[in-house]
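Shown next as structure tokens: one chain only, the form predicted on its own.
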């Protein structure tokens, strides 16, 4: 495995005394890598290389750029198990989930490879005679990508692939907790034939590397996924200097369960949404809002299924849920469990480290009942395997509860009633809605993103994800020939 940063087509070890230590959260004695962290000067080296590469890359035809990304998809498919194993070791999710993430990233590479053939604008009628008007999309230049640790393959793909296909060059900062997966991405782009300098990876802290990217006048756009605290500050700084910015941040996603719901189907969907990936995803199901007639029966199913979850190291094929990503997140999970108990919620299941695991950052699947909308475990993003169950007397009240938080990423409803479905779709304040399916998931061809405090800027994935990395140029062509006749006379 390569370590360090990847700048202008070369693997590079910064001259820094601060080390990045990449540790397996399921076994803290397993150190995947240790190398010097990048500095602001290293970011500038990457920007310089990206600027030089952009001059030729922007002139490369869109279909050819797409073919490079398609080759990357082929290479990634051949190396899928290798990528998934590295992802499991450094992030913690079980191998099956890691493999699913890798396959989703490959789907995104394939989709954006095709977009190289569809860099379309519009033809529009002019008000003037003998004038042809149309728009074209052009790349921005050097763009900065800042990715989180929870999806260290899929999210960097859905940021880098559209940026590259659109003709930009990239300076990418992966999370310090997950540089191994990022290094494999750099290897794959290189093997696919991406010219040196088009994709640069700089591994270091947000306070150093992230700040240098955000504050550089050479960075024309910044795409960020992470916390609201960091994203909000980043948005202010980058937008103040005129850069394009998109931020995908927190989520506190609810599932509404109506009296006519298929409870077995609802329980399976909630279970996967709450405890899959150890609850460490922005689309995770963290709240259930059930009608009184079905709440107890639903809760019984949820507890029964959660009791069967085997917690342990993700490379063990018999395990259903891995660890928290690091000690900080593990302590956050345990702190919120203690807080929920103090607030008066009823702890139904879990709440501590599994007894059979003496090391690693593990926490049991946890379910709270009798959670009211004023409680912090109902309102705040936890990012762990902790599910809050509440009761609402009507769809109107359930929507009020669901909309009462600051986030607006995704929601779901379980019902067979078309009136309830359509009212839910119209009134819920989220960027994505699901009916009779989990809150999680996304597809390459569909926009991804939320409302309110969840996000600012363009949606990601789909055509919208590509458009963010472009600017429109409007063209006017007069073909009357009058100017030529005047010159002849």
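The structure presented is a predicted model; accordingly, all values stated were derived computationally and were not measured. Numbering follows the first chain given and starts at 1.
One more form of this protein exists, namely the form predicted in complex with a small molecule; it is left out here, but the text below deals with it.
J.: Mind telling me which stretch in 84-92, 100-108, 143-151, 410-418 gets its heavy atoms within 4.5 Å of the small molecule in the predicted bound form?
T.: Heavy atoms within 4.5 Å of the small molecule in the predicted bound form occur in 143-151.
J.: The small molecule is absent from this chain, but in the predicted bound form, do 339, 385 and 405 each have a non-hydrogen atom within 4.5 Å of it?
T.: Spot residues vs the small molecule: no contact at all.
J.: Just to be sure I understand the contacts: of 250, 360, 197, 167, which is the one whose heavy atoms reach within 4.5 angstroms of the small molecule in the predicted bound form?
T.: Contact residue from the list: 250.
J.: The small molecule isn't shown here, but in the predicted bound form which of 163, 155, 171, 274 has a heavy atom within 4.5 Å of it?
T.: Residue within 4.5 Å of the partner: 155.
J.: Can you tell me if residue 230 lies within 4.5 angstroms of the small molecule in the predicted bound form, counting non-hydrogen atoms only?
T.: Output for residue 230 is yes: heavy atoms within 4.5 Å of the small molecule.
J.: Although the partner isn't part of this model, could you tell me whether residue 116 comes within 4.5 Å of the small molecule in the predicted bound form, counting any heavy atom of the residue?
T.: No, residue 116 stays farther than 4.5 Å from the small molecule in the predicted bound form.
J.: Is residue 390 close enough to the small molecule in the predicted bound form to count, meaning some heavy atom within 4.5 Å?
T.: Looking in the predicted bound form, residue contacts with the small molecule do not include residue 390, since no heavy atom lies within 4.5 Å.
J.: Does any part of residue 448 reach within 4.5 Å of the small molecule in the predicted bound form? Heavy atoms only, please.
T.: The answer is yes: residue 448 has a heavy atom within 4.5 Å of the small molecule.
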